[in-house]
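Only one chain comes next, encoded as structure tokens, the form predicted on its own.
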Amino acid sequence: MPSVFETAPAASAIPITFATKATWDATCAELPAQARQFALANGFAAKPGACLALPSADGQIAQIVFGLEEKNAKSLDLFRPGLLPGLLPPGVYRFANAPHDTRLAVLAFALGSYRFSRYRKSDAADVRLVPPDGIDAADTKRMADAAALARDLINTPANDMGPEELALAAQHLANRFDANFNCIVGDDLTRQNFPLIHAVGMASSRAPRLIDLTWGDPAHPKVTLVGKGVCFDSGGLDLKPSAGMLIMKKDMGGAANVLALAQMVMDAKLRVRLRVLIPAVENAVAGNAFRPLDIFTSRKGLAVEIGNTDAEGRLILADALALADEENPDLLVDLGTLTGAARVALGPDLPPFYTNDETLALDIAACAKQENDPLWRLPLWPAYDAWLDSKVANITNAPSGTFAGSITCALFLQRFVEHAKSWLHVDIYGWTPSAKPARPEGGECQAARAIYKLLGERYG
């Protein structure tokens, strides 16, 4: 993604003045008479998201006025300035006064400049911003570039983003930062004891694989990221209806966000030994597809009964988590687009997270708030663990009934994490159903910025 930040002198940039309904009268009174009359004639009243270009005497743009919510508004959106790149004419701009949160406003401006242009030329105007003094433009660009990576990967349709293409994207990232890269493909998964990954992906003509990237000093704290990489999810033999299958190109959103997070970590040179594990599969339908009530012995040795072939994400994560857990990481994080239950409970914008580490829970919640990257803690409720019991195996991947689906998924994954010093599971959606400021419709970067903030505070 090209940089939206401009290094030109701020004095030559067009000023953007932020106002609320409460401050607009005072702001308007300070405008030159001609600009003030133009604003009044256009009925500008600083409604949130309203944008007006005020002309100078020679017809050029003298300044922009942009409406924000009141500071104490219940619906305050700190990313509201992310609308600006889609509203402004081409040019270089600067903030004339401070919005509610200047750092987040600058980030929103960068995030709002994103366009997915792989298949169609972008019609976005060339709009750039001179960052205000005191803003770490390099770190802001780092986060915006990572978000663009996640969005690009998710938005790419499954015909061009299968397991092999996802592996190539990870390999490209590894090469960029001189990281080690390895990939276990096809039947080698069974030979190297990843039976659940192989089972989910074996029906596809595109071979499943386990992507493995490592970077950093081995003496530094071990941080391992695991991302669900289901490049398309038909539901398997428990076939999804067409409406449920429509955006399943996004089912590798966990992998996309893990790669975005890894890019931020490596670019910032955080003091960690980073490992990224991505089980990449397509959950397809064929004569050799895994079936309901099949039983597979996982890498960890637990026999797993298949209660539903559409609960495949937790299966591939289980083998990857078991591998990650074998080296006792200091922090083990997994991200996945896992359950509709999480969306029913919290909607598309607020992913639930799970951990038994109280310090980690407090820290990640604080980082999520600071970064405007919302997360909400749900419990690893011990009483529901018995729901995973199988009459013929150690565990089932899909308990009967419709209750607490996101929690039981988290409890399933917890069975495969034993030695990690701390574990964080996030059930993301990875998609924005309708455009919001700084968040265009389509693939979305969720949880990655919050976790990056956490890692920076701990290992920066």
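Residue numbers run from 1 along the displayed sequence. Please read all numbers here as calculations on a predicted model, not as lab measurements.
Form predicted together with a small molecule: not shown, discussed below.
Quiz item: Applying a 4.5 Å heavy atom distance criterion, does Gly340 contact the small molecule in the predicted complex?
Solution: Yes, Gly340 is a contact residue.
Quiz item: Quick one: is Cys28 in contact with the small molecule in the predicted complex, heavy atoms, 4.5 Å cut-off?
Solution: Residue-level check for Cys28: no, no contact with the small molecule.
Quiz item: Given that the partner is absent here, does Lys240 sit within 4.5 Å of the small molecule in the predicted complex, heavy atoms only?
Solution: Lys240: yes, in contact with the small molecule in the predicted complex.
Quiz item: With the cut-off set at 4.5 Å between non-hydrogen atoms, does Ala398 touch the small molecule in the predicted complex?
Solution: Residue-level check for Ala398: yes, a contact with the small molecule.
Quiz item: Only one of Ala174, Leu270, Met248, Val92 has a non-hydrogen atom within 4.5 angstroms of the small molecule in the predicted complex; which is it?
Solution: Spelling it out, the residue with a heavy atom inside the cut-off is Met248.
Quiz item: Among Asp152, Asp373, Asp212, Asp310, which has at least one heavy atom within 4.5 Å of the small molecule in the predicted complex?
Solution: Going through each option in turn, the one that passes is Asp310.
Practice problem: Kindly indicate whether Arg275, Asp319 and Trp423 are, all three, within 4.5 angstroms of the small molecule in the predicted complex, using heavy atoms. | Solution: None of them does, since no heavy atom lies within 4.5 Å of the partner.
Exercise. Quick one: find which of 302-310, 77-85, 128-136, 153-161 has residues within 4.5 Å of the small molecule in the predicted complex by heavy atom distance.
Key: Going by heavy atoms within 4.5 Å, the stretch is 302-310.
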